[in-house]
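The chain that follows stands alone, in the form predicted alone, written as structure tokens.
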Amino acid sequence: MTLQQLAQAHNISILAPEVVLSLTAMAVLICGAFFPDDAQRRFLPWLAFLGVLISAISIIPLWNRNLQPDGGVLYFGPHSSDHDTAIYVVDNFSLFFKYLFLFTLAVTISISNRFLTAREGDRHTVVGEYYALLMLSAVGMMMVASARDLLVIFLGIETLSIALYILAGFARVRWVSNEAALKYFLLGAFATGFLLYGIALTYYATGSTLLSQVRVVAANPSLAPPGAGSFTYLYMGLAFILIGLGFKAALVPFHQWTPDVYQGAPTPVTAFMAVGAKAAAFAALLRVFPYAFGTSDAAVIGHKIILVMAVLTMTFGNIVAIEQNSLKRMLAYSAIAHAGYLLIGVLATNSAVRSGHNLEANYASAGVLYYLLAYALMNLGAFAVLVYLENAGATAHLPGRDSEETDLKMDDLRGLARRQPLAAAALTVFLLSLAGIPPTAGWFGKFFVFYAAMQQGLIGLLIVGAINTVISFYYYSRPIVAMYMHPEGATPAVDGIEVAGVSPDGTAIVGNTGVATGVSAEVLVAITVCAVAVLAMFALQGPALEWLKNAALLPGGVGR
């Protein structure tokens, strides 16, 4: 290999988003060690925002480069003229997910301020660690999106997971937060073992962990290297990989951690975990299943396994969500159900790949990306509203409630529309979008994946998805009914709030029956941005889908 080839094969410039975010995380961590508490609370969030902004800007020159013949080097790894030996690529598929992760990170940072200042002496000294862990977890998600090697996918998943294990237990004085972190860690370590064992079995059967080479050997067993194991090991490897990724995506029956962890983790962390970790898991699933295994006999068995998982995930998530009284647990089971809907798009993509219909595969994959974008907007918005209500003193004065961090219950929303019409309206928009009511973003997301399933003849799966969508209307309507149709209780759960100004540290001063309560002004911005975007999808769904088709992963190549 010449020096020029070596330089091309290890093009550090394509790692700019990850490098910028990692350096910013280190800077935040160092500043947190030396800055006084007040300076940390004022300065570190803006430093983290700056890192997110620079990282997002560094992505702009890379967009569509993989579609241009002279687009330059967009891969990292041993040099090859057709990129087949690249272990890390920058294509529109990965760049879409990096934008999604950065947006999720920005919203999470914006809704975290009040949580970090809720208890004197508990979190004031770990502000730097909190933001650094968020950013490093986002770096792991980016690694997963760009990986074209099973081991790099594994490293990315571990990077994002280790940070989330710590963040889930960041409310250190709450036993439910400690329980969430321990449960997430133990079950996550168990799932990691399955994933790594699946990678090892795949390597034994194909002689490689590169997705491109796994694809070639899986489609033509005669090309397996000497000494490779039988293809039974490839089937087992795919099954174990699906288990590992199924845990991160909260697919049934690997979902057991989800309700307890979502409920026990701090609400901003729950929002970050619900969107970022799930999107990373589906990025890996789209890379591995339709691309690496889509044309092999193993995909036939894998298709049946994922089909059963999709039906179970949708049905279980929606049915169990009906009886939930905690809003966070309801959203947790809702997230499980939405993972089942996303699997419909993955199955449609795989069916199109096996049939050799590239345009239909592109549409199905773009539908999955659109659904993930809509899912991010409506979930981040819903959790931001919960943060707003918790921070506004929603439960601090109720009997048996120990702090503003205590979960909001359905009854806490009774009469909210009369006291806080804007907060109630925003939460209603997000719930209607989660239910798939037109003309919100959630409706278009379901329409695109359902239509892709219909194109591939997956009519039975489409019917199950439609029935589950109808079931979900009930539990999504419960908070809306409580906000608009139920009278207030003897003690209002959420008092009337009025923004009176903004303090020097960026905190909005609001009146709460005469008592000043701090609500981060950035929370209001996050809610507004998400709500407007969810509604704007009605007018922008066409251009958005066309944009995402350029990001969708097509079979037989990287990106397009």
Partner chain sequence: MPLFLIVLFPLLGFAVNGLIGKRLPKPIPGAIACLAVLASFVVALLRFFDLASRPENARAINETVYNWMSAGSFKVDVSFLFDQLSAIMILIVTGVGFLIHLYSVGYMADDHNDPQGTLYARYFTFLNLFIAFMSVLVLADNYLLMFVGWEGVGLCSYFLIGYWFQLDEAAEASKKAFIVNRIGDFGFLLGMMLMFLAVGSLKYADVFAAASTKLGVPASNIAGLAGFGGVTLVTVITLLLTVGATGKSAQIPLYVWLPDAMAGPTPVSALIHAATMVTAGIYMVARSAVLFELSPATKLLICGIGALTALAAGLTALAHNDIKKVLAYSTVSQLGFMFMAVGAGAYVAAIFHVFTHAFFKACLFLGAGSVIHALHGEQDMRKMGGLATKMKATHITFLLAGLALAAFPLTSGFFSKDEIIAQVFNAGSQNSLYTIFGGVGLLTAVITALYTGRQYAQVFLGESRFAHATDGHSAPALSEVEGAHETHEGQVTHEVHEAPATADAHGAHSTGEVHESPTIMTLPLWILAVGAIFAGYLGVPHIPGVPAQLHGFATWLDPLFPRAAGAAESSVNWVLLGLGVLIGAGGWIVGRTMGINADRALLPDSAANLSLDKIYNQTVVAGGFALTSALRWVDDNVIDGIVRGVGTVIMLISGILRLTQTSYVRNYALGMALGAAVIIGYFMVR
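Keep in mind that this is a model prediction, so the values were computed, not measured. Numbering follows the first chain given and starts at 1.
One more form of this protein, predicted in complex with the partner chain, exists but is not displayed; see below.
The candidate site formed by 240, 316 and 320 is fully in contact with the partner chain in the predicted complex, as each residue has a non-hydrogen atom within 4.5 angstroms of it.
Interface residue among 187, 462, 176, 307 relative to the partner chain in the predicted complex, by the heavy atom within 4.5 Å criterion: 187. At a distance threshold of 4.5 angstroms between non-hydrogen atoms, residue 447 is in contact with the partner chain in the predicted complex. Although the partner is absent from this view, residue 13 stays clear of the partner chain in the predicted complex, with no non-hydrogen atom inside 4.5 angstroms. The partner chain is not shown here, and in the predicted complex it never comes within 4.5 Å of any heavy atom of residue 277. In the predicted complex, the partner chain sits beyond 4.5 Å of every heavy atom of residue 550. The candidate stretches are 340-348, 279-287, 248-256, 427-435, and the one lying within 4.5 Å of the partner chain in the predicted complex by heavy atoms is 248-256.
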